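One chain is shown next in structure tokens, namely the form predicted on its own.
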């Protein structure tokens, strides 16, 4: 009887999570599908976003995402490798690094926005720009990405390491050709979490990338991302709910496509690593 009750409670919890996701998706698709068209994707907003499309908003979103991932992924993967493979010999500094990452992961996004505005926009002279917004998002996704990759690398059995060394592989070769492919699921999970947070962030970008909805010509231009656009239409524009739902549907589809592309790229990269 206890096992049946426990199984029922666990199944109900899983079903509740799935039901919440289906509810949200159903609401967004039912309200936003009517606004989706080719013109909606390739034209600029008009009448404060009530009419027209989201072309500059979509381009700004992609710019910020590319900048954030380009800055965060190499640095985050390097720190994760150091923490899992080299840090045990430097326990004191490694412990402080881990505590720092845990604290950074819990800092609210609005604080990151204020930091990004003070450091990237003002101190570094980037102003309200897509570059400042992307670098701020890189700081936000780094802690979660590092911790996820570190956990995956630590879960790789020591037998793999000893086997690589027994074959005469250097530590660098063992990391690249043995440990990273073995930790692929964790690395992919960290990448997906980073993409999700970067594409859906609002508060931090209000202080860094800006609010204008014109087409950006370079990363140094200001721009409005999809999450900020949805917030503005929902909260500040009367009659903008339809365009907000359409933009939200585009954002969800974009996240799904980017996650699929990330998984494909990671799989192909690891296959080349293994074949070499």
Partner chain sequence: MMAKCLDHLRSKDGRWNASLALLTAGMVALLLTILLFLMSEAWPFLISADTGHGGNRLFTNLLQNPGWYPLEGRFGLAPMILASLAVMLGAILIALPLGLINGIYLEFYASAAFARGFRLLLNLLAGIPSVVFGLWGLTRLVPWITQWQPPGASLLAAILVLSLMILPTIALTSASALASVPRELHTGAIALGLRRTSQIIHIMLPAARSGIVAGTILAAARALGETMAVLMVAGNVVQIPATLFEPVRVLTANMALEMAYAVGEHRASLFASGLLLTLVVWGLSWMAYRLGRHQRKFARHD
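Residue numbers count along the first chain shown, from 1. Everything numeric here is computed off the predicted structure, so don't read it as measured data.
Here the subject shifts to the form predicted together with the partner chain, a form of this protein not shown in this document.
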Give a yes/no on whether residue 191 approaches the partner chain to within 4.5 Å in the predicted bound form, heavy atoms considered.
no
Is there a heavy atom of residue 254 lying 4.5 Å or less from a heavy atom of the partner chain in the predicted bound form?
no
Report yes if any heavy atom of residue 126 sits within 4.5 Å of a heavy atom of the partner chain in the predicted bound form; otherwise report no.
no
Would you please decide whether residue 44 lies within 4.5 angstroms of the partner chain in the predicted bound form, comparing each non-hydrogen atom pair?
no
The partner chain in the predicted bound form: within 4.5 Å of a heavy atom of each of 81, 114 and 122?
yes
Looking at 58 to 66, 44 to 52, 230 to 238, 212 to 220, which stretch has residues with any non-hydrogen atom within 4.5 Å of the partner chain in the predicted bound form?
230 to 238
Heavy atom within 4.5 Å of the partner chain in the predicted bound form: which of 184, 177, 171, 154 fits that? Just give me the one.
171
Heavy atom within 4.5 Å of the partner chain in the predicted bound form: which residues of 192 to 212 qualify?
200, 202, 203, 206, 207
